[in-house]
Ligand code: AMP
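Here you get one chain, nothing else, as structure tokens; it is the form predicted alone.
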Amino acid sequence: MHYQKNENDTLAQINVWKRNGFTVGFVPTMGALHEGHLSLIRKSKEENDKTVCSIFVNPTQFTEKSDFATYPKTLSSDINLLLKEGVDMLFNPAAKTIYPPDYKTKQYDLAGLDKNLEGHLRPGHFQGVCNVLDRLFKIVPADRAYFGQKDFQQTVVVFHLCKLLGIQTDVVVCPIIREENGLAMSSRNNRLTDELRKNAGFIFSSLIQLKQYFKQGNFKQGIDSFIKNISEHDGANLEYLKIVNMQSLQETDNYEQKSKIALTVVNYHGVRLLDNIRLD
């Protein structure tokens, strides 16, 4: 596996592959890799000749400095996982490589996609995501880039960013990978105790029940039941449940329309857990 920290060396190697006719897949991560990340890597390896994974904890997307400082950093074990999966290159840049001293933070026209849901609760988060992806897509001009559905709002923003900037990389969204109890895999899950992690499957089971109510046309009952299910668990606080259009992310009360998804965040004993389920 090529281990690169330098921008020019990374781009040069990818250009060599492309000149030789190889397709390149890209999986951008912030490390602390788990089975969800590995599923993206495996999908990339299925669809491309070469797969690049980046590990960079991006400071510009954290609204709280304490969250950035405490974000798990497990580079040694991450590298072992990447070697096991047969990744062709790890790009692990320093902050000054992504954001050199003369870098000017950009503000992108995201057509309001960054203003609601997570954007409302974490102002500036998606602008930070776009700044780092703009840089990464230039350094790693891949044919395809892979993202997980768990961060659904982010995937919609990334599609918009690529269209806005004319980025030729195809964005591929892959299904949520779940733990045995249904909890969506996330680096944040490591902040839960073993017992709480086992119990946290109630979020997904509540989403499944919500979808069943919606299929039967019992929309209000489904939403009320979801809120009740979450509130019955000690230490669980529902930050939001939103039914939104999958393209615009606009909240809808026309629950019979197609292309809708339920997005939720449950704060469980101080850990924010994101999940979602398609409703059509």
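Because the structure is a prediction, the values reported are computed rather than measured. Residue indices: 1-based, along the sequence shown.
Another form, the form predicted together with ligand AMP, is not on view; read the next lines as being about it.
Of the residues P175, P100, P123, G112, just one reaches ligand AMP in the predicted bound form with a heavy atom at 4.5 Å or closer; this is P175.
In summary, among the residues N199, T169, Q154, N131, the only one with a non-hydrogen atom within 4.5 Å of ligand AMP in the predicted bound form is Q154. Only one of 140-148, 114-122, 191-199, 74-82 lies within 4.5 Å of ligand AMP in the predicted bound form by heavy atoms, and it is 140-148. At the 4.5 Å threshold, heavy atoms of T29 reach ligand AMP in the predicted bound form. By the criterion of a heavy atom within 4.5 Å, G222 is excluded from the residues contacting ligand AMP in the predicted bound form. In the predicted bound form, ligand AMP sits beyond 4.5 Å of every heavy atom of V52. Ligand AMP in the predicted bound form comes within 4.5 Å of no heavy atom belonging to K45.
Residues of 72-98 include none with a non-hydrogen atom no more than 4.5 angstroms from ligand AMP in the predicted bound form.
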